[in-house]
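First structure 1, then structure 2: two forms of the same chain, each alone, as structure tokens.
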Structure 1
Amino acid sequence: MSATKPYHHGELRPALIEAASAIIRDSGIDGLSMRRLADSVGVSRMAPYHHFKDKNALLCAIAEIGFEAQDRMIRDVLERSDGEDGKALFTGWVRTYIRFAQDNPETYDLMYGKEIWKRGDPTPSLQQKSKASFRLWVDLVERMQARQVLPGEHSALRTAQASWAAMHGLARLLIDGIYAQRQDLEEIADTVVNLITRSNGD
């Protein structure tokens, strides 16, 4: 009876994440419903609940993967640009960050949006992963302060929070549909970098 679909799916959990990601990618977060997801992997409505406590847990899992992908992208930039000067490195990071948000708007929304952080409640493992991701940013900011690309008058933490907020605001412009011109957005991103960094960076 291999022709008819088996009672046990076998690989349901990864299949769910895969399918959910696909739905989110091209129908948005609002387009993802547990029922539609279940249908799309050919399983009953409640089956997903044996692998995820509720919808929030599923979203957290997807957001986690998002953080992993983003971290990977950013680590790549750091490794690739070894001999560059400070400001170029900083600019590269910001551009990469914005590009990630542009290319995966729905994932970014999940990672940093209120669906999880305010309305839902973030999984401990998601919290940890997001904290680690921010830690990367703080480290960069520290290095930029040492190289005098960023001013050192405030603590690295505060400077990191402030500059990250600026970057995040930029990403939000796109994601919330407030400002959609992709071309302009890159120019605005560069403007943000120029506003924040000291003109005489190392």
Structure 2
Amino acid sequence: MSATKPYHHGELRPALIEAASAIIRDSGIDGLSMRRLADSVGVSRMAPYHHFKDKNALLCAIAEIGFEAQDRMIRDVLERSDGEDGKALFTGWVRTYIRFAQDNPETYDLMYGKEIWKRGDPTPSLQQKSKASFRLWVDLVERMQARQVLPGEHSALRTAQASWAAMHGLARLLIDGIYAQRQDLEEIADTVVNLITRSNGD
């Protein structure tokens, strides 16, 4: 076992999350254990349990960070939505969402995959974070409907669900390697936008 390394209380938790994310990238979720994580960080094998009850809680914490990153992206669009071209903003968001999924496939899988939501036990904190993140998406859709970027025939909730399903489907195809050409990403994303936004005859 590695010699233990002194960490201040506030420093160990982010170090554990960073190390766990690296292990998942290299070896997958099955390759992550609390013992391997402790050895990787250089702390006692009990130290991670001071911050995470078990592996499931650690995976949920990583997923939360992913939702926080997506929330920052949506808020950035919301802050600019009144002063810029609506369709351009929406297109930028779709591109950013899909790029985030492709650049962070392991985190994306934890955010939306069955490892936590079906096989695991989502923590109350993660459930709250994921619901709040989707509410932000509904808010953005509502603003896009008000500006006639997205069709208004259906409620903001239903339109948010349908448009998110389209983005998530494309993200999954990219992560799974069905569309492996990164240079095509923006063109595919723009096609998604054109399919789900209101046609203005252009």
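The first residue in the sequence of structure 1 is number 1, and each one after it adds one. Not measured: the values here are computed from a predicted model. Note that the rigid core is defined as the largest set of C-alphas that superpose within 1.5 Å between two forms.
**Student:** So which is it, 1 or 2, that shows the form predicted on its own?
**Tutor:** Here the form predicted on its own corresponds to structure 2.
**Student:** Is there a C-alpha shift of 2 Å or more at A20 between structures 1 and 2 once the rigid core is superposed?
**Tutor:** The answer is no; the displacement is under 2 Å.
**Student:** Once the core is aligned, does F52 move its Cα by at least 2 Å between structures 1 and 2?
**Tutor:** Indeed, F52 is displaced by 2 Å or more.
**Student:** With both forms fit on the core, has D139 moved 2 Å or more by CA between structures 1 and 2?
**Tutor:** D139: C-alpha displaced by less than 2 Å between structures 1 and 2.
**Student:** Following alignment on the rigid core, what Cα displacement (Å) is computed for E79 between structures 1 and 2?
**Tutor:** C-alpha shift for E79: 4.5 Å.
**Student:** Can you give the C-alpha shift of I29 between structures 1 and 2 in Å, rounded to one decimal, after superposing the rigid core?
**Tutor:** That residue's C-alpha sits 2.6 Å away in the other form.
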